[in-house]
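Taking the form predicted on its own, here's one chain by itself in structure tokens.
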């Protein structure tokens, strides 16, 4: 998969990410991937739903992948962090 059609979810307002997804879709990407980890997972789901219901009604959820990533902190301890990838297609 190409990285240019991926939107990484962080702590910004939801509409910033919605705009990024809509822009990617309108620029010719057949598929846009929304990725998030940890506490941003809920925000990623919100972004996908707002895009589907308000901006791109012809957009469908093609696939959702969930996983756990091991993150090593600065102190050397490892923690498990959940992650999600939502694949939107037109």
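Numbering follows the first chain given and starts at 1. Predicted model, so just to flag it, every value in this text is computed and none were measured.
Another form exists, predicted together with another copy of the chain; not displayed. Remarks below refer to it.
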>> Give me the residue from 16, 78, 82, 23 that has a heavy atom within 4.5 Å of another copy of the chain in the predicted bound form.
In response: 82
>> Contact with another copy of the chain in the predicted bound form for residue 30, defined as at least one heavy atom pair within 4.5 Å: yes or no?
In response: no
>> Whether residue 35 contacts another copy of the chain in the predicted bound form should be assessed with a 4.5 Å heavy atom distance threshold; does it?
In response: no
> Quick one: is residue 59 in contact with another copy of the chain in the predicted bound form, heavy atoms, 4.5 Å cut-off?
Replying inline: no
> Hey, in the predicted bound form, does residue 67 get a heavy atom within 4.5 angstroms of another copy of the chain?
Replying inline: yes
> Using a 4.5 Å cut-off on heavy atoms, which residues of 41-61 contact another copy of the chain in the predicted bound form?
Replying inline: 41, 42, 45, 46, 48, 49, 52, 53, 61
